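A single chain, nothing else alongside it, follows as structure tokens in the form predicted on its own.
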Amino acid sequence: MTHEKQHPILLDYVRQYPLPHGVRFTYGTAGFRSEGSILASTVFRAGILAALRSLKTGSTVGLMLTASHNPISDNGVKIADPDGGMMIQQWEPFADALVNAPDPEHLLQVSALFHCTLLVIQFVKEENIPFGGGQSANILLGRDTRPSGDALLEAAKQGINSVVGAFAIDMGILTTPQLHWMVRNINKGTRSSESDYMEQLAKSFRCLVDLAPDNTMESKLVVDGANGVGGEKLQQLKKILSGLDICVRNTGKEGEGLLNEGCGADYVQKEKAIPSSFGLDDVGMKCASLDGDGDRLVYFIPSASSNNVDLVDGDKILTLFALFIKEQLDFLCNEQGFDNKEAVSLGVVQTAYANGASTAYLKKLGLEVVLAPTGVKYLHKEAATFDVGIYFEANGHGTILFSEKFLSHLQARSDELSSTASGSESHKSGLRLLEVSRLINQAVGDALSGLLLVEAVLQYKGWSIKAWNELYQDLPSRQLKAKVADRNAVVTANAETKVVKPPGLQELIDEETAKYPCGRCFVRPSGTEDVVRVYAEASTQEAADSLAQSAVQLVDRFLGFAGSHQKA
């Protein structure tokens, strides 16, 4: 089929999904997000985008409907590339242009419609996409538990159907990481169903526990499911798990509360407060919290004082994983494993939100620490440059990447040692690393696989959550946000640690920061909300609070409109 024949088909479909008036959508750090009630046209066009991406790559891609940790009234859409990661950044400008192409309800109908479809045709030519040429495209669809999900799913299907040869495959209600995992596996030609996912996690966790010393550990874990899909899937997973006693609360059942309201990883991490459904009976317990779509994880210990928690955030998770991976690699390199010519590169990737104490601790271990802008797409790219790359944001979103070359070498070495040195620490270390690569979701951050790896490593180390939390002491910090009309008025550089625009703002932030011992402060535009986010660190909580408030005031002064300042 030629472009000319595809063109009128697109026209017919586009008419069904006019853009809402006066709204502009931006592809942020995790796709498009907004109020679910105004997203139909965006999701429809994202369906076109996913179909084109599948045609371009000749592989299956994914489309996920979720707004993660946002309120239940919000929703969003993101595209998963064939490797299971986020859509390549080079396509983001086209994504923005596509979803914001003028609406026929507000402009001349024919010219507006042609504007939209000609945009697609032009992009197809530039990218040399086999559009309307007989090639098929497959798009896996997933959604979380938001009420707006069903209607938006239909819009996504219509967008996909508007591209000849494109097929939508509805995978049902999933966590975001599950969909990414499925896309990655199906393109690798390996087992890719939801039951395969569950079985792999349970099997690899069991193997890691079996390879651990016979340590005594806290087997009881209480998990806050954020009243979202993650809690629902964890309930399913625990049925086939052994060696771990999990109690799930905030599962999303009727009467338990609303999605992400007073619960979830974002709430616990930002507020440092106990989530709903937890109370005095949980004081001192090992607890964890997922976010709304199951891609973030933080741990916490409910405090006996007021409503506070001792937070064990993404920085501490990264540190735990880095300690474990480094120890296994040391066994490999120092015993019968890799010689100096085969030295393995191990690196950790953080954002500016990482607590300064965590960065200092990691560097003290001799690890290479790389700073990346906020957003998984940036951290993932940096982590992929290492044989083993570990990345985590402080909010609990992260994973571990293993290069194919390293895994192949590791498998060969483990096979060799199984016949010559089976049972040696070097052989066990190789087996542990292989199982970690199977347990952790290498496509994207995954709260469920991350939780099981945390538990396996704590079992290996024989640590309580208290011992883990005491690896280092966080510097006091505060996150705030200022509501603004245009978040893009703030432009940053150096992994978002320095403001480039508006001119002069950074100099005043630096002057203010210099007043505080151990002071550190940066501001950045949010990737998901129309706010400017502020982060401050200092030697005391009072100082961190004061520095953050001062930075918010500076943002207001430079941007010219004061907003509501609240915890981020």
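Because the structure is predicted, anything quoted here is derived from the model rather than measured. From 1 onward, residues are counted along the sequence shown.
Here the subject shifts to the form predicted in complex with a small molecule, a form of this protein not shown in this document.
Chemist: Quick one: from 296, 143, 180, 316, grab the residue that has a heavy atom within 4.5 Å of the small molecule in the predicted complex.
Modeler: Selected option: 296.
Chemist: The small molecule isn't shown here, but in the predicted complex which of 505, 538, 30, 40 has a heavy atom within 4.5 Å of it?
Modeler: Filtering the options by heavy-atom distance leaves 30.
Chemist: Which of these stretches, 506-514, 519-527, 46-54, 538-546, has heavy atoms within 4.5 Å of the small molecule in the predicted complex?
Modeler: After filtering at 4.5 Å, what remains is 519-527.
Chemist: Is residue 100 part of the interface with the small molecule in the predicted complex - any heavy atom within 4.5 Å?
Modeler: No, no contact at 4.5 Å.
Chemist: Quick one: does residue 353 come within 4.5 Å of the small molecule in the predicted complex, counting heavy atoms only?
Modeler: Contact check for residue 353: yes, within 4.5 Å of the small molecule in the predicted complex.
Chemist: Any of the heavy atoms of residue 272 lying within 4.5 Å of the small molecule in the predicted complex?
Modeler: Judged by the heavy-atom cut-off of 4.5 Å, residue 272 is well away from the small molecule in the predicted complex.
Chemist: Classify residue 395 as contacting or not contacting the small molecule in the predicted complex by the rule of any non-hydrogen atom within 4.5 angstroms, answering yes or no.
Modeler: Taking the distances in the predicted complex, the answer for residue 395 is yes, it comes within 4.5 Å of the small molecule.
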